[in-house]
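Two forms of the same protein chain are encoded below as structure tokens; each is given separately, as structure 1 and structure 2.
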Structure 1
Amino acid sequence: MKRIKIKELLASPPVGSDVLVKGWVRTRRGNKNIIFIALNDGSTIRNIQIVAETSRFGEDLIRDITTGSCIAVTGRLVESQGQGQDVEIAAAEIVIYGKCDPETYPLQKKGHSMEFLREIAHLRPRTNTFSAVLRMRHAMSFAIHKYFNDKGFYYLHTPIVTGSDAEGAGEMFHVTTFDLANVPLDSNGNPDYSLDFFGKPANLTVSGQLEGELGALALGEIYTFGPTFRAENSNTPRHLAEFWMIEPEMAFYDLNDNMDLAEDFIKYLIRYALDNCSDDLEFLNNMIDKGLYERLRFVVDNEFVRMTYTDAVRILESSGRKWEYPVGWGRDLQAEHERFLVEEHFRKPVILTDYPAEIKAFYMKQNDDGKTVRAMDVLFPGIGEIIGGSQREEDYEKLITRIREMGLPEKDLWWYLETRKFGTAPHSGFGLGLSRLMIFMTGMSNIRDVIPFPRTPKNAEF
């Protein structure tokens, strides 16, 4: 008999027919005559109830059906006599694939703390919460590809190993084949990178944006979607050393087009989750965050506020609030300022634009005022900046002047600069952190709990 997945089984239950299901035992209840098994195969958060009369099966077999064990069950799908489920399987045959010692298996029927589950990341996908989160993470990844594909964007694979540290987006991880206990030195006593694998210093990427721009200036509209790495010593519930990022980059988009895309994109993803992840969302709404549904709908139903940095500073200055960090034009906004705007003043997502050039990256398009650049930050309740982007500076002279002002290594960026020399075009793009999106989509409070195997300072287990 062919195995049927529990998701499929419950979607249109073939009551009266014999079925074969395989999965992991969540709980077992019962007495000496009859036992009830809640079986889960990961295809859905919902379990199928298996009913087994002990007289039909050996005592040894029944004893080995414990929480966490893996079994295959053949039996008739029948309407349930009990409350709580519509159908159940009257077991005719049970095969135990994998026993699970109840004395040492760390997952129990009762709930566990997120901190404890993080220590057993190899087993936590077997919990309701993590299976729901991981299914949703998949759904979001798929929806991201679907959204861009449907819009005619091309998925560009930007490199993970990079020879440039041009963007300065953070500390980088070095990539080398040197024996670190015996690094070849040059005549000045510095590492002789000409002898290293790439013949020059190499790092893990902190962003695919610069290469993404190269793609956009040929293919029109592209997006990247891959892992990035930051060696920052950041210990917060919103930072990872390895995380996934989506970076669309579009030729002929100005900042308004960019904002329109960002807002439409994020609303599409939320709508996709509401339409396709209802079981998992319902579980998360009930067990993790009672306000989850409401918040998702709220974002879908409301236009994002759009305003300039300068106006935002004015609002903050006249708010009458006492700030821990001072507010003033030219200073970067702190978490407390962003939270005030999003969570108290406007009470909806906010896109701030036109930041002072001094606090933004070199590649952002310079405004005519000589002070600000065409940047945009999308601020969300609870997580702060979920998207950061800008229109890019397409003018060669302005760009190279800025690079020199900031003391960046101009010769490492020759390829980036050449796109401004040869058929330059106005273009824009932004970056969205997948895990930050997942925090918002699931109601989870720590970024380490929305990725299967988090990498953080002092932690690369699993």
Structure 2
Amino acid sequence: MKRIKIKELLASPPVGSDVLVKGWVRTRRGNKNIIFIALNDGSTIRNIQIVAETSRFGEDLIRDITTGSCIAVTGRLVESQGQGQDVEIAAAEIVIYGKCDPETYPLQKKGHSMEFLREIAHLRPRTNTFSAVLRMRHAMSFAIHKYFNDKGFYYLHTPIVTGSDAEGAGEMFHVTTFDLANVPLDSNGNPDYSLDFFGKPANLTVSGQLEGELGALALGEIYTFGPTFRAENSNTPRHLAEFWMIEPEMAFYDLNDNMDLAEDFIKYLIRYALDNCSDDLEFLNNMIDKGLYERLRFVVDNEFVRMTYTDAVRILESSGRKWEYPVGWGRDLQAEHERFLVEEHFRKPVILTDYPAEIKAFYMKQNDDGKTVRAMDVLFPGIGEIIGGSQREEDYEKLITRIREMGLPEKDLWWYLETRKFGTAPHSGFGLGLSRLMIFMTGMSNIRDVIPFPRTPKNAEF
């Protein structure tokens, strides 16, 4: 008999038919005559109840069916007599694939703290919370690819190992084959990278954007979706050292086109979740964040407000609020400022534009005022900035002047600069961190809990 997934079984239950299910025992209860097993196979948040008459099975087998054990069950699907489920399986045959010692298995039927579950990240996907988060993460990843594919974008694989720093922040992980106990030095006493694998300093990428721009200036519209890395010593609920980024880049898009795409894209993803992840969203709304549905609807049901950074600062300064971080023109906005604009002042998602050049990256298109650049940040309730992007500077002279002003290594960016010499074009793009999106989509409060195996300072376990 062919196995049927529990999700499929519950979607259109073939009552009266014999079925085969396989999964992990969530709970077991009963008496000496009959036991009730809640079985889950990961395909859905919902369990199927197995009813087993103990007289039909050996005492040893019944004893080994414990929380966490893995079993296969063949039996008749019947209407349930109890509360909590419409159907159940009357077991005819049970096979134990893997026993689970109830004395040492850490996931017993009780509440566990998120901190504890991070210590057992190899087992936490078996909990309702993390199985829901991981199914949601899959759904969002699929929706991202579907959205861009349906719009005619091309998926571009940008390098993970790179010699450039897209953000100019310098917080990068170095890649080398040197024996760190015996690094070869040049005549000045510095590491001799000519002898290293790549013949030059190399790092893990912080962004696929610069290479993405090269693709856009040939293919028109591309997107990247892959891992990025920041060697930033930040132990906060909002930072990871390894995370996944989605970065579309589009030729012939100005800042307005960029904002239109960002708003349409993020609304599409939320609608996709509402339409396709109802069971998991319902669980997360009930158990993790009772305002989750409300915030999701808040985004899809409202047009985004668009305004300049300068006007936003003016609103913040005149709000009468006492801010933890000072507000003033030329200062970067913090989450408390962004959330005030979204949640209290406008009560709508907000896109801020035209930030001071001094607090933004070198590649952003300069405005005629000589002070601001055509940047845009999309601000959401609960988290603040969720998308950051800009129109890119296509003018060669302006770009190279900015690179020199910021003291960036011109020689390492020769290929990027050449695109401004050979058939340059207006173009734009933005970045969305998948983990930041997942925090918003799931109601989880810590970024470590929306990725299977988080990488943070002093932590590379699993």
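Rigid core (definition): largest C-alpha set, two forms, superposition within 1.5 Å. Treat the numbers as computed from the prediction; the structure is a model and nothing was measured. Residue 1 is the first residue of structure 1, and the numbers go on in sequence order from there.
Of structures 1 and 2, the form predicted in complex with the RNA
Only structure 1 matches the form predicted in complex with the RNA.
Could you tell me whether the Cα atom of Leu123 shifts by at least 2 Å between the two structures after core superposition?
Where the cores coincide, Leu123 shows only a C-alpha shift between the two structures that is less than 2 Å.
Core-aligned, does Gln334 move its Cα 2 Å or more between the two structures?
Yes, Gln334 moves 2 Å or more.
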